[in-house]
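Shown next as structure tokens: one chain only, the form predicted on its own.
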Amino acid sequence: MGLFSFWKKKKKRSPQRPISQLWETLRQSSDFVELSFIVGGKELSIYYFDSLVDPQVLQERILCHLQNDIPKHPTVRLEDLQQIVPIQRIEVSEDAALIEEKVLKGFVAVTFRGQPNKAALMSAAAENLGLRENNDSENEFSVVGPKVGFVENVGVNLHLIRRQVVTPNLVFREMSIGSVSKTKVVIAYIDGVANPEVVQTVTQRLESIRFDVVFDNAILDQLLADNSRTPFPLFISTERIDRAVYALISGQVVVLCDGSPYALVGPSAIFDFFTSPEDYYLPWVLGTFFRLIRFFGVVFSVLASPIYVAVLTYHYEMIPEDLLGPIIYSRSNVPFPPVLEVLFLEITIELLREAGARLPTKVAQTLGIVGGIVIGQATVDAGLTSTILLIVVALAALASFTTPIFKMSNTIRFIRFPFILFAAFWGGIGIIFAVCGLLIHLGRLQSFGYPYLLPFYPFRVRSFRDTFIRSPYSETAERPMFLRPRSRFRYDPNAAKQKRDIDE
């Protein structure tokens, strides 16, 4: 079973299920459109999803011919629409399940008042609605898996999500935010999976926003945050469609903003920021290995430079005898204490990063390579820093790039500096104090009312299956229970464990 499959126990449906019940279910979503009008004395209704239908096909091939040709055929029935509308394979059905399936794939359903339990299904699906050549995800690139990302048009983004989540329970709630910009914001969730309390919390917070212009989801991120005084991102900001879809089927809520190629996902825990969609496209052993590499990279990036400062300032006895000679030799011409040496190199790395981010791509790549080599060699030759520290800082900077989410990567770069200062003032005890203070701060954070350290605090044993390790699909059928989803399983766990090999 695939990663993003949506499993739900099938209920026995009566073959005579009224189509009116289907329309009631689909009306929950803001992109579902229902048109009713009278043409030639005949009352008809049209139903479709605006995010799935090609507006040109709808207008020129369906609505235009219905309005112009039906008056010429006063006794027309649904079965006769094939002679009126120039659409291939118009299908008339009384099966609500079939109608639901077709409408969710971009078909337009037409009903007559005299035939309320029948619908004519006409294909008007938008295959490449609003897609552009540079629609690939840039900041969350992966070697394996789909490369398509969100764009600035929220209508296109809804279309991309609706194509992946083909279920009538997918609900879009639309609202306008910004007293000047009137920006279109959409809340996406799966009814019957997402916790209604979370949906209500997100809706209330968006409705309570009093702001003039909303340019991007990054502004909503700050306005929705439970704590605006923390450097840690409280919501995942993603440009990948597969990550957003996985969040929906897990029971989370996705917020989309017109003009932004990113989607906000919440509630989010800190461990979510170190999970990459690529983990699920690889065998679970490899996925687990790369995920553990990321966790190690984060720890190394934060603690490498502070430990260097603490050891060389207060704890010489911890240095092995074989390593003591090279360290003394490399620092023999350095006139600065270790803390100034580290801060000089760390700030230099940050300057190179900022300069590379503001320059064109090709120029930035050249600047990063040439600048790093030239400045590094020059500082060592000038006696401003040691070669060992240069290696430590370079590896720490490299390790910070292992974080899949860019905002969390920025946070890791920032918190390294307080750790360095604590190590300079109090040595190893200072690093311990800094770690304790960081854990206390993380323990107080919340995302839409959910603890940020879940499932570590409060401790949830069953949720660790997909935290530090990427478990096999036979073990990940259950949704994260700390999200309190209304549906426990994504797919049948027993069927996932069965082998499909057939002995002949």
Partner chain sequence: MRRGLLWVGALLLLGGCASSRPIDEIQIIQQMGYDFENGRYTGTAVYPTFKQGPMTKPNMLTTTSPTIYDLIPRLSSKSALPVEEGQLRLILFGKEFARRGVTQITHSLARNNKVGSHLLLGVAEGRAKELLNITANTTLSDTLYLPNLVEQNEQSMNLPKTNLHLFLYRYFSPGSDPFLPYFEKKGDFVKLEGVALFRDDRYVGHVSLRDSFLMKILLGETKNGVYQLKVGNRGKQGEDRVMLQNLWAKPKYEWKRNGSRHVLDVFVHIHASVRDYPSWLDQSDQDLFADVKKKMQNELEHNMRRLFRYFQKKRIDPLGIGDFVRSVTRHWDSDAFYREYPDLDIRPHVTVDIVHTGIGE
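On a predicted model such as this, the values are computed, not experimentally measured, just so you know. Residue numbers count along the first chain shown, from 1.
A second form of this protein, the form predicted together with the partner chain, is not displayed here; the remarks below concern that form.
- In the model of the complex, at least one heavy atom of I319 sits within 4.5 Å of the partner chain.
- For V334, a non-hydrogen atom is located within 4.5 Å of the partner chain in the model of the complex, even though that partner is not displayed.
- Not displayed here, the partner chain is approached by L312 to within 4.5 Å at the level of heavy atoms in the model of the complex.
- The partner chain is not drawn, but in the model of the complex it has a heavy atom within 4.5 Å of G325.
- Only one of F232, F344, W426, F406 comes within 4.5 Å of the partner chain in the model of the complex through a heavy atom, and that residue is W426.
- Site annotation in the model of the complex: the residue of Y329, F215, F289, F401 reaching within 4.5 Å of the partner chain with a heavy atom is Y329.
- With the partner chain omitted here, the record of contacts in the model of the complex names 334 to 342 of 219 to 227, 334 to 342, 274 to 282, 141 to 149, defined by a heavy atom within 4.5 Å.
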